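Only one chain is shown below, in structure tokens, and it's the form predicted on its own.
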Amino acid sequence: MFGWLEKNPFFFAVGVFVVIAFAGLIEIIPDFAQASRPLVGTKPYSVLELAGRQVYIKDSCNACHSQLIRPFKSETDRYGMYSLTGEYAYDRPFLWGSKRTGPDLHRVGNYRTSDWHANHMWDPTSVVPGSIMPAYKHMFTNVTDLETAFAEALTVKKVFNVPYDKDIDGDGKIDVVLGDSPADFEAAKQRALQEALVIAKETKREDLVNMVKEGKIPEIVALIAYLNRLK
């Protein structure tokens, strides 16, 4: 058989290609599958964080900001640890981005605070002189769409088996509880309001605190919840 292959270089080349390709797949696929699993301790987005992510997409923040730190010194010196595949396990869609009119935001939760974000979104040049980013003052009065965020969480739980209703990080507590009944939505809303009140107080803006106390979550508070999650 091998003598026949040696006399037919085309089939010999095909055979070598098949063997090398098969060996490569055996080597690559297990590592790829492992890398794509959620990192230990990575939780699904809370309903409030999902609502903020929807605001991020709706207002096209991903058009000017990436969320993908490449493994180069110039990148890690500026933005922090390079991005790992497992960090995106619960992202649908991915917001890697391909353009940086503004800085990468994948680790922004490590170095920006809630009040910084609020001041920045209200008047970018007040904290970043010369910034070309527009102000997003409408976010301070627009009310967050929690119903859509809750529906998204419930959908990814059912369709993609995202592990809501489970103790993901091993702290003995169920991280996010989701169900189909109106009571489940009301419980999720109350939890989102609790999270939102903490963030609103961190912004040091009474108007945001008062809105949350009235049962309305401003879009800016949801967005900050999402940005604070990026670490």
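Residue positions are given as counts along the sequence shown, with the first one as 1. What you see is a predicted model; the values in this text were computed from it and never measured.
Beyond what is shown, the protein has a form predicted in complex with a small molecule; the following relates to that form.
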*With the small molecule left out here, work out from 86-94, 126-134, 157-165, 69-77 which stretch has heavy atoms within 4.5 Å of it in the predicted complex.*
126-134
*asked:* Counting any non-hydrogen atom inside 4.5 Å, which residue from Thr141, Thr101, Thr148, Asn110 sits next to the small molecule in the predicted complex?
replied: Thr101
_By the heavy atom within 4.5 Å rule, which residue out of Lys189, His65, Lys43, Arg205 makes contact with the small molecule in the predicted complex?_
His65
*Heavy atoms within 4.5 Å of the small molecule in the predicted complex: does Ala153 have any?*
no
_Non-hydrogen atom contact Leu193 with the small molecule in the predicted complex at 4.5 angstroms_ = no
*If you check in the predicted complex, is Leu223 within 4.5 Å of the small molecule, heavy atoms only?*
yes
*Verify the contact flag for Tyr56: yes if a non-hydrogen atom of it lies within 4.5 Å of a non-hydrogen atom of the small molecule in the predicted complex, no if not.*
yes
